[in-house]
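The chain that follows stands alone, in the form predicted on its own, written as structure tokens.
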């Protein structure tokens, strides 16, 4: 059965806002560390003084994914002292749709029974059998949520339609494992945009670089700085001044992309970039093509570049590229520069 799938689940927790306006972490199974608990409370919209209400948010902290579903308590229920509550699921895997579906069922159970016991029972059933079923609350089957679906859920075409040829800056930054910071005041827009970006480097299938919802807190920034390259989303506009955090800054509301001074040399663009950029734009503008076909087109081009890089490496000692070896090829300067930094990102460079 789905044992490997179910082993991704780590915990389920409950945050409540009561009639006095106090927000508290009230229950958890099996447990969550203190530092992660603080982060989860800060992500839960119930601690934001009622300014914004988000039914679902997700993110990552210290290699743990979290998924938070929030509900308002409306009709008379067993929860007579609670105005809102959030169900928090933590897991090892990136799969927002899967955990949103599970959380909705857990929320409905909590509203109906007013006690976390039924929630815990359902969670354990999913953990052990990969399924939970109840007549009135809907059913959940873990095997309905393939990770590839999660990877393909966003729209690459939307990203290209917003940024056009400038998409090549994002592609280059991702290929070179640079630090990309994205700002938008609306968390939903951030989650939608940032989750798409790892698909531009499909050959890696690595969504661990995604940190879609980060606050400017010491604990979160320390965690972020441990990653060599990342995509980090921030709602706080102050992040634009934190040049220590990014190589590339994306201002989503203004549709602008800025390369930081320190990354300009590695990110220098030439004819190769222009050709890849045109391929991306033409593929994305083709109305006949689906998002997954556009990703495939980009991936085919990427694999071609990587195959050429590996062929160069194979001709070198220890199958590692050197700058001298690249110079002997007489590539245009921007191509040589890109291949040098790409070799470093792909661990094909002799240091």
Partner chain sequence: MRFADIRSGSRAKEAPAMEEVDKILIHALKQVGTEVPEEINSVKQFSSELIVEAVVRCIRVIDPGLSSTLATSLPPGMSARFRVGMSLAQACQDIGYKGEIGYQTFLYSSEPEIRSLLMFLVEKLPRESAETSDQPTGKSVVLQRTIAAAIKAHLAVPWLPPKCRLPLNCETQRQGVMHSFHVQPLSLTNCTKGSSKKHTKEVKDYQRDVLSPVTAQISSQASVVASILEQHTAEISTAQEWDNEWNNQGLLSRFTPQEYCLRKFTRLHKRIEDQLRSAALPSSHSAFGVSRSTSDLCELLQAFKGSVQPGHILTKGTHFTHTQKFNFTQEVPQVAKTIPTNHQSEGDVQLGQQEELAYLQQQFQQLCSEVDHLAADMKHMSVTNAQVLDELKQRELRNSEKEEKIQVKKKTIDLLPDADNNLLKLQGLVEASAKRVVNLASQWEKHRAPLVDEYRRLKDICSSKDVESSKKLSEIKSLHEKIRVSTEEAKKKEDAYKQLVTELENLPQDVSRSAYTQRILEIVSNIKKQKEEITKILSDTKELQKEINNLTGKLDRTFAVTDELVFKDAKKDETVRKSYKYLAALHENCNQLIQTIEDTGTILREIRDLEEQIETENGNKTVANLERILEDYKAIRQENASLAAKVREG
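Residue numbers count along the first chain shown, from 1. These figures come from a predicted structure and were not determined experimentally.
Absent from the display: the form predicted together with its partner chain. The rest refers to it.
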Under a 4.5 Å heavy atom criterion, is residue 335 part of the interface with its partner chain in the predicted bound form? no
With the partner left out here, check for me: in the predicted bound form, does some heavy atom of residue 241 sit within 4.5 Å of its partner chain? yes
Whether residue 265 contacts its partner chain in the predicted bound form should be assessed with a 4.5 Å heavy atom distance threshold; does it? yes
Is residue 331 near its partner chain? Define near as a heavy atom within 4.5 Å, in the predicted bound form. no
Find the only residue in 143, 186, 81, 149 having a heavy atom within 4.5 Å of its partner chain in the predicted bound form. 81
In the predicted bound form, segment of 284 to 292, 40 to 48, 26 to 34, 297 to 305 with a heavy atom within 4.5 Å of its partner chain: 26 to 34
Only counting heavy atoms and a 4.5 Å limit, does any residue of 212 to 235 reach its partner chain in the predicted bound form, and if so which ones? 226, 227, 228
